[in-house]
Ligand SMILES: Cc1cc2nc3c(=O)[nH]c(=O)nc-3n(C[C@H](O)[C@H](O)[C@H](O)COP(=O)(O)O)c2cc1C
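Next up: a single chain in structure tokens, the form predicted on its own.
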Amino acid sequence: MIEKTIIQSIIEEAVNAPSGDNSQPWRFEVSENLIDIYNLVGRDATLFNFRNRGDFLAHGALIENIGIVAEQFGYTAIVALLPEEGRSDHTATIRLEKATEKKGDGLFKAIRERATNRKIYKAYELTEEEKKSIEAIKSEGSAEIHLATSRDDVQALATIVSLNERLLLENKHIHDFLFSIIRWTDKEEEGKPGMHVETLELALPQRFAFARFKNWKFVQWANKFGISKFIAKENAKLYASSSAIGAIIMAGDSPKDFILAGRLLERMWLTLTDSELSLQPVTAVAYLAQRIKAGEANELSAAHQELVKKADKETRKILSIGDETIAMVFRIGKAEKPSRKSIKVKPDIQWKE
């Protein structure tokens, strides 16, 4: 039987995993050497979290972390995904077994250091060897990484992903959700999951304007002067500073596919962190495209749906993606460390006898 303190330490380290808007949509039930992981459905209620796919991706990252941390403590994590038929909120059962030898994973240290970096990136061109090594990163499952590194492709993709900022200021559903998860003070962030405003890397004038944008009527007035398109254009410049913009793709689109893609995402992100490279997820438009394709995008205007479909088509062309499912779009490069990292709340662990 494993000591509770060890299992608790493993979980507390592992929850330093990425999740949509830092929603941390998980809880745990522990019995002896078994860890059952459950999705907190509804915690990430954004339009982007289509069919809880963002949650499944986050759970995959969490599971990858558990495996890495368990090795550090001298255990092997045996993972059974979606163990209950017909119940997708029970994402995994993990059995911890004593390892025959304590080897540890070189990425353990990177788990705490990993963070979303929204700063402008330095002028840095990935070498062909770096690009190939990133695309060669594998985890369990068939998901794979596609990268665009040419200046023309990066700039084109930067403009595409900046559509998110335009939609944020033109669609009330997206706008209202974002501001519902922004935490303006340390006390607010410590109380519940969300994003501290300082993680957005806004300069003081931008932060002042951002606070004004909380008021939807003010946003509607500002849009008469083209503010949404202007901000999208400015953010495209920031995204264009990236060394590469890429995607994680997979053949299927089941919850299991997204969980496995999340494992690959976390292994890639930790590998980049260990190599002193930064990453920022920019997947919003891709997820909206999936919602539109499924006919579940009533919250988007016809004009916005056309913009998203065009953006998705162009993304697939640049990154050589056919009918595969896009699990994640991201930008990578070299940058100064983030001004602030998101806080992880104490994990909800239920101990069962």
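Note that residue numbering begins at 1 and tracks the sequence as displayed. Being a predicted model, the structure only gives us computed values, none of them experimental.
Form predicted together with the ligand: not shown, discussed below.
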Contact test, all of Ser19, Gln280 and Ala284, partner the ligand in the predicted bound form, heavy atom 4.5 Å: yes
Contact assignment for the ligand in the predicted bound form, among Val197, Ala240, Ala115, Leu147, heavy atom within 4.5 Å: Ala115
The ligand contact in the predicted bound form: Ile63, any heavy atom under 4.5 Å: no
4.5 angstroms heavy atom contact with the ligand in the predicted bound form for Asn235: no
4.5 Å heavy atom contact, Lys334 to the ligand in the predicted bound form: no
Contact test in the predicted bound form: Leu57 vs the ligand, heavy atoms, 4.5 Å: yes
Residue stretch of 29-37, 308-316, 66-74, 49-57 approaching the ligand in the predicted bound form, non-hydrogen atom distance within 4.5 Å: 49-57
Partner contacts in the predicted bound form for 325-353 (non-hydrogen atom within 4.5 angstroms of the ligand): Met328, Ser342, Lys344
